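In the form predicted alone, a lone chain appears below as structure tokens.
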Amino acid sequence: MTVWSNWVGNQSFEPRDVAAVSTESEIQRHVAKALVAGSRVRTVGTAHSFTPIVETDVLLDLSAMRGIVDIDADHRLVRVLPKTTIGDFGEPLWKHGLALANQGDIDTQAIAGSIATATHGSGRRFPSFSATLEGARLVDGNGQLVDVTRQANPDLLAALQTSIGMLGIMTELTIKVVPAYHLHARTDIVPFAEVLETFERDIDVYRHYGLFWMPTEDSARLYNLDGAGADDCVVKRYLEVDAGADVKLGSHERMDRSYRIYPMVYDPNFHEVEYFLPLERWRDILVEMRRLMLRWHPLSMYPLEIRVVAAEDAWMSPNYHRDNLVVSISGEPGVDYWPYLRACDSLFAEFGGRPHWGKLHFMTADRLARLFPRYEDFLEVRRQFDPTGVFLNDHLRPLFE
């Protein structure tokens, strides 16, 4: 029996069947068989989620469905297959004078999974990957091929953009891109008190802004962030610059094409919780998180990551109609850090925190109904696309049935 595990090993299961597929008709056949057998079907991106969203009876491997199908430079639209990774876009788009508007510091995720879970970068003017989806072709829960476009079905697109694989298996996606650009990236070590003074200005001035706060002297080494001490922040500030700009670079600065600047290498040595909280409450959130983490040392020795993300229209995106401060906390594998994570969840709940769908969270259906204004509308669409729940699993069913 094949055992599937995610990248950090905190989620694993034994599917009844693992099937490699390369065409829409093959996916349709597997969904049709599952409907007859009363089985569940799901697929997997690149296994970067910390939650059990992949667990299923029949696991479809779409590895063969990878690559860029078409680049429409005039309309800045790109058609791709679902397993195309974020890193796959860089050079091909650049040759057409285009680029992804934003991305995070890991570029190995599959685009379909990134969109389905609202994966994001940082910058108050930039929403998540979900917002880039302009249209998609998918196999729904009846085994039928469905096309969804912004022009023809704006509400269906808003439901599909962050749907965690519950509306169907996407076989082709069309995403919006932007003109190519260069970035000047600078990393500084800044005391926490100074971050509080400059935060509001920095998120307006810089195209991308993010930071790691160190609760202890040992925190920096966990993410290879050399030089930072307790109560220091490693601050990343990115500016868009002209290709030929005459910039004198320091030891912690880089300037290059955008897709070369974003990626960083992380060892999968942590489990992560990530919530999105109202950006206008940023100061209160940072101060309270610092206080909570210091109280929970040593369970809280991993750095606290802070980013900002813009509002978007996807119904189940944590950024639905709200600019957010993104708070990411981590724990060490093999350590019982659950009481600490629940304490953080309680604090996030006070600020109306919404979860990242690929990270650990403590959501219930009642909480989702309070946090997401279009939750009931999403449930209606999900039932329309998958009336028997073939794409649900034990993790998703209590939240979205």
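Computed from a predicted model, the values in this text were never measured in an experiment. In this text, residue numbers run from 1 along the sequence as written.
The same protein also exists as the form predicted together with a small molecule; that form is not shown, yet it is the one meant from here on.
When contacts are defined as a non-hydrogen atom within 4.5 Å, all of Val54, Ile169 and Gly358 contact the small molecule in the model of the complex.
Residue-level contacts in the model of the complex: of Gly331, Gly123, Pro82, Gly143, one residue has a heavy atom within 4.5 Å of the small molecule, and it is Pro82. A heavy atom within 4.5 Å of the small molecule in the model of the complex is found for one listed residue only; from Asp105, Asp256, Glu253, Asp202, this is Asp105. With the partner omitted here, the stretch from 93-101, 110-118, 242-250, 287-295 that lies within 4.5 Å of the small molecule by heavy atoms in the model of the complex is 110-118. Among residues of the shown chain, His48 is one whose heavy atoms approach the small molecule to within 4.5 Å in the model of the complex. Contact between Pro127 and the small molecule in the model of the complex is not found at the 4.5 Å heavy atom cutoff. Looking at Glu312, you'd find every heavy atom of it more than 4.5 angstroms from the small molecule in the model of the complex.
In the model of the complex, the small molecule lies within 4.5 Å of some heavy atom of Phe270.
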